[in-house]
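Just one chain follows, in the form predicted alone, and it is written as structure tokens.
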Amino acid sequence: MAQLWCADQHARGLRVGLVPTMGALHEGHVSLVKRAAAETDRVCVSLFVNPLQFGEAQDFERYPRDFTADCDLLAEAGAHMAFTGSLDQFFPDRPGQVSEWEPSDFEDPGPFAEGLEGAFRPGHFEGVATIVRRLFEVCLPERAYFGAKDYQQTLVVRDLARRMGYPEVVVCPTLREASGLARSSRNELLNPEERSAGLFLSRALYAARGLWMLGERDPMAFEALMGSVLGQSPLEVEYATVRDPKAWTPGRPIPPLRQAVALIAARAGSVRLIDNMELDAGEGPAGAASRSLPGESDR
């Protein structure tokens, strides 16, 4: 149905904007939809909890889902079409169970998948790239909108779009709660104590940005500072590091840094949280600043 609907919009000469999501929508998703509505003629939103990108079956099962509430929110935000599906509907030529897929069934996520999320979540970006390619093929959007909170994912998706030749990938600022916590569907799973612990991610990121403003350019100094802030919390930290957004590397970049993004992944109880901040870009309490991603000037 979504494929036919998008084809009809194109036949009428209308530009389609795609917002890929896994549902459990929040204000961050709404901001993507509103921007898509302002920049394209028709907004299509996918609401699909993609089993291909989950390493833990329990994590996939407990991911929040409310299709009806999501559709109501999308209607208010200005979306024109929302759709979901099952794995076998998206990939009718492949097994219906992820466990039966062969490595060749997955899309190669490219070099931006190396390190950090790619290391801590093996197979995650293969699953992301596989479903995003399919969504692009189904909807043939002129533009696709993603949130900056999943920073490394935006690099993977942008590289995929470059290889495919479409669409233009638009990365939108992270929205934060008044406390500083980055908005995420997973926040619904946090109890009060875990939510309080989660605030240390943004505290560490803002501390790193303050250090950048003082002139520090050594990656190890940022790691030490963020580690010190996070060490005051009960979080189980997976990584707290910096990368050069113009020259992504799996490991720590060589100093001195000319530009930098700080990235953190940590667990608050059983809930895994990620956040990031571009240290050399202006940022206020409302969220991260926009910036061009690698290759954007070539599009």
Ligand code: PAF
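The numbering used is simple: start at 1 and walk along the sequence shown. From a predicted model like this one, the values you see are computed outputs, not experimental measurements.
There is another form of this protein, the form predicted in complex with the named molecule, and it is not shown here; the text below is about that form.
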All of Val132, Asp150 and Gln153 within 4.5 Å of the named molecule in the predicted bound form, heavy atom check: yes
Interface stretch in the predicted bound form with the named molecule - options 193-201, 102-110, 208-216, 142-150, non-hydrogen atom within 4.5 Å: 142-150
is_contact(Asn276, the named molecule) in the predicted bound form, heavy atom dist at most 4.5 Å: no
Partner contact for Met22 in the predicted bound form: the named molecule, 4.5 angstroms, heavy atom: yes
Residue contact check: Leu160 to the named molecule in the predicted bound form, 4.5 Å heavy atom: no
4.5 Å heavy atom contact, Val128 to the named molecule in the predicted bound form: yes
The single option of Ser233, Ser31, Gln259, Asn50 touching the named molecule in the predicted bound form, heavy atom within 4.5 Å: Asn50
